[in-house]
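What follows is a single chain, given as structure tokens, in the form predicted alone.
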């Protein structure tokens, strides 16, 4: 009886351990082994040590992908976090009615996914016939309605950042709205009695109250930005103008699937893991400090 009692927790954990080991841990170890081998086929390989990693250090395309990915991640955060916070503040106002409907409307784009967003923005930004270009032509006749958002590097960057913001702003707004509603109203009343201005109440009451959620959004947004792939690939239909569509994941796909260089692709994957870890550590420390 005692032996069964001791074995019971392990038996309950066994299904998870089998799935985790077979579908996560084992492929992870195999990819690490692949990153130090050169492949001439699915079964023909030889060890090359850190040659793939040294190649990445001197490959200019890889560094273009890193710079593109880092710039996209930074732009996403600069757009998403302020917009999410602003919308959350608006919906948190007592005079606003129908909050549930607004929350649903803002959250629905997050359920669409990157591929659908890429297709949708391709239609919206089509030269001449796109809804956005038509609006630009009406408001700014000098610019016209024939803007080609997929051939100009600046416009392509703006379009991709706008598409990601459309997808994620509502998601961040829901988190921040929940954080705002959990802030003690007595703190606002005490600050108002002390003569604090609206800006001072926002700075000294609202921001400290939502700081953990802000840190979480920055962390998740950074990780999502570093993993960007589908949206620029669908919208730009390739690498785009001046390689603006080349991200780290896109570089991995080119190496692994287009060129069949599985060893280098595995090395890129592990470099991406390192980049995400280095970007996440400061945010995790901030989250701990804000608790």
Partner chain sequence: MPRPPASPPPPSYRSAAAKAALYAGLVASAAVALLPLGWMLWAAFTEPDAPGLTLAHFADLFARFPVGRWLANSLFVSAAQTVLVVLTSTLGGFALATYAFPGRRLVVGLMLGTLFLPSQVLLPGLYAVVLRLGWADTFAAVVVPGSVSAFGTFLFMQAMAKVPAELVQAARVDGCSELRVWWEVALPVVRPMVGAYTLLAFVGSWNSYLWPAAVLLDESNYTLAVGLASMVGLPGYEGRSGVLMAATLVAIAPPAGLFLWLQRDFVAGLAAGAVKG
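Each form is matched to the other, and the largest set of C-alpha atoms that superpose within 1.5 Å is called the rigid core. These figures come from a predicted structure and were not determined experimentally. Residue numbers count along the first chain shown, from 1.
There is another form of this protein, the form predicted in complex with the partner chain, and it is not shown here; the text below is about that form.
Checklist entry - Does residue 253 make contact with the partner chain in the predicted bound form, using a 4.5 Å heavy atom cut-off? => result Within the cut-off, so yes.
Checklist entry - Does the 4.5 Å heavy atom contact test between residue 92 and the partner chain in the predicted bound form come out positive? => result Taking the distances in the predicted bound form, the answer for residue 92 is yes, it comes within 4.5 Å of the partner chain.
Checklist entry - Do residue 171 and the partner chain come within 4.5 Å of each other in the predicted bound form, heavy atoms counted? => result Although the partner chain is absent here, residue 171 would touch it in the predicted bound form, with heavy atoms inside 4.5 Å.
Checklist entry - Is residue 36 one of the residues lying within 4.5 Å of the partner chain in the predicted bound form, judged by heavy atom distances? => result The answer is no: residue 36 has no heavy atom within 4.5 Å of the partner chain.
Checklist entry - Which residue among 81, 75, 87, 191 has a heavy atom within 4.5 angstroms of the partner chain in the predicted bound form? => result Only one option qualifies, and that one is 87.
Checklist entry - If we check the partner chain in the predicted bound form, which of the residues in 156-188 reach within 4.5 angstroms of it by a non-hydrogen atom? => result The stretch touches the partner through 166, 171, 174, 175, 178, 180, 181, 182, 183, 185, 188.
Checklist entry - Honestly, after the rigid core fit, is residue 10 moving at least 2 Å at Cα between this form and the one not shown? => result Yes, the C-alpha position differs by at least 2 Å between this form and the one not shown.
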